[in-house]
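The chain below stands alone and is given as structure tokens, in the form predicted alone.
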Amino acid sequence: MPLLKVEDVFKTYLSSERETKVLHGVSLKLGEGESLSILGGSGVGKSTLLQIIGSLDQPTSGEVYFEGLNLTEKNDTELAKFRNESLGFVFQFHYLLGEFTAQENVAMPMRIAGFSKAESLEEASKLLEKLGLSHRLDYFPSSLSGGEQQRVAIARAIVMKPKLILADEPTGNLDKENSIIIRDTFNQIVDELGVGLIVVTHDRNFAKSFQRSKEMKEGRWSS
């Protein structure tokens, strides 16, 4: 059984003035410990697909299965629980909280989930050390480089030990050197933790860094 299965997903947005068709029958499978990049320019539907996979949006038709469970049949409460327990999100903007240190930012999901402060900070410290940031635990986001901020965001995304990481243009604001660091960080996490990874990007070189790559054009796979 695949970790993730997307079957014939369509997405149409309706407004009073027009109908916008974004996805046209997209399907894919992803196994445990497998990494996939989705390549494509702006507006081709790749971020919409990622949001549907992450249950942040619903398909107009089609189904999304996670470990055999049909996510399109779950209610909002069940989906919120699923996201908290099984998914980690990384975005183009790191969305770190400026008034908290790197360690505190990473610990935040555990604190929200009810873990003790001591246990949450200890797990955050271990992750930041694993990602080469043990010397930045007490730094605030404004004192970190762009690449360091994104690595902190990645640590925050995996602190709850998700089974799947979804990353939307994670290097969009980074230079080449920091993009390489983020690429290596993702591959390290997949190898060491055995999580699934889907990365959306417009960067062809970055897309080639993962086990599989698919290209999207006008809401469909190009091949």
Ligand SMILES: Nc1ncnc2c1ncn2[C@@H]1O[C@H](COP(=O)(O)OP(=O)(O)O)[C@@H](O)[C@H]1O
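Start at 1 with the first residue shown and count on from there. Predicted, not measured: the structure shown is a model, and the values here were computed from it.
This next part talks about the form predicted together with the ligand, which is not shown.
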Select from the listed residues 59, 45, 54, 162 the one whose heavy atoms reach within 4.5 Å of the ligand in the predicted complex. 45
4.5 Å heavy atom contact, residue 207 and the ligand in the predicted complex: no
Determine whether any heavy atom of residue 41 comes within 4.5 Å of a heavy atom of the ligand in the predicted complex, and answer yes or no. yes
Since only the chain is shown here, I'm wondering whether residue 22 would be in contact with the ligand in the predicted complex (any heavy atom pair within 4.5 Å). yes
Which of 153-161, 176-184, 64-72, 46-54 sits within 4.5 Å of the ligand in the predicted complex, heavy atom basis: 46-54
Enumerate the residues of 127-165 that have a non-hydrogen atom within 4.5 Å of the ligand in the predicted complex, in sequence order, or give none. none
